[in-house]
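Starting off, we have a lone chain in the form predicted on its own, written out as structure tokens.
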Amino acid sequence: MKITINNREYDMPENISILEAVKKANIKIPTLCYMEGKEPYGGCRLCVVEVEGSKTLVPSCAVKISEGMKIKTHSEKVRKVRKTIMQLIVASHGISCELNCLTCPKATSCELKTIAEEIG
């Protein structure tokens, strides 16, 4: 199956998600709720991408690729939305745990913190 990711064409196997295709193309996009081997549900929405012809951004973990699909993983629109989503997640996280990163035992290995730093 031929698809285009960030203006580069790739041959991908059928019946895989956009996220799996992006990973096969060695492109990293953030995810929090995705767990390999589990049914995706797109809850965190950090893995959103632009798909040509779609009116909205789509969660890459929950959408299968299709022949000729054109995907943008890091467009300005995608980066802005991811940053807003991350701000909401961090704000909610702070309410539930008092956002005490300086004394948290997971501070050095916190996936949320790592992704927040990557997104900015």
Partner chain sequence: MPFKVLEGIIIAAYAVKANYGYIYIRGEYSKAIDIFEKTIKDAYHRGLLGKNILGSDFSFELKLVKGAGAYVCGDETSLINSIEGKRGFSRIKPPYPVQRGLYDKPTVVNNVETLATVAEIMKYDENIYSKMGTEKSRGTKLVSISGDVKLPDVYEIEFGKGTLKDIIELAGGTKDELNFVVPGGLATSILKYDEIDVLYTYEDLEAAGSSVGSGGMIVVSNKHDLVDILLNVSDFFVKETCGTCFPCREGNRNIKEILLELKKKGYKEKYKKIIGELREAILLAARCGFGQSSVNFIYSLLDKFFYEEVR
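Positions refer to the first chain, counted from 1. All values derive from a computational prediction rather than experimental measurement.
Quick note: we don't show the form predicted together with the partner chain, though the next part is all about it.
Visitor: Judged by heavy atoms and a 4.5 Å cut-off, are M12, V22 and I27 together in contact with the partner chain in the predicted bound form?
Guide: Verified in the predicted bound form; spot residues all out of contact, no.
Visitor: Is it the case that T56, even though its partner is missing from this view, gets within 4.5 Å of the partner chain in the predicted bound form, heavy atoms only?
Guide: Contact with the partner chain, yes.
Visitor: I'd like to know if K72 sits close to the partner chain in the predicted bound form, meaning any non-hydrogen atom pair within 4.5 angstroms.
Guide: Close contact is absent here: in the predicted bound form, K72 is far from the partner chain, nothing within 4.5 Å, heavy atoms only.
Visitor: Is G68 close enough to touch the partner chain in the predicted bound form, meaning at least one heavy atom pair within 4.5 Å?
Guide: Outside the cut-off, so no.
Visitor: Using heavy atoms and a 4.5 Å limit, would one call V51 a contact residue for the partner chain in the predicted bound form?
Guide: Answer no; every heavy atom of V51 is more than 4.5 Å from the partner chain in the predicted bound form.
Visitor: Mind listing which residues of 42-73 have a heavy atom within 4.5 Å of the partner chain in the predicted bound form?
Guide: G42, G43, C44, R45, V48, K55, T56, L57, A62, V63, in sequence order.
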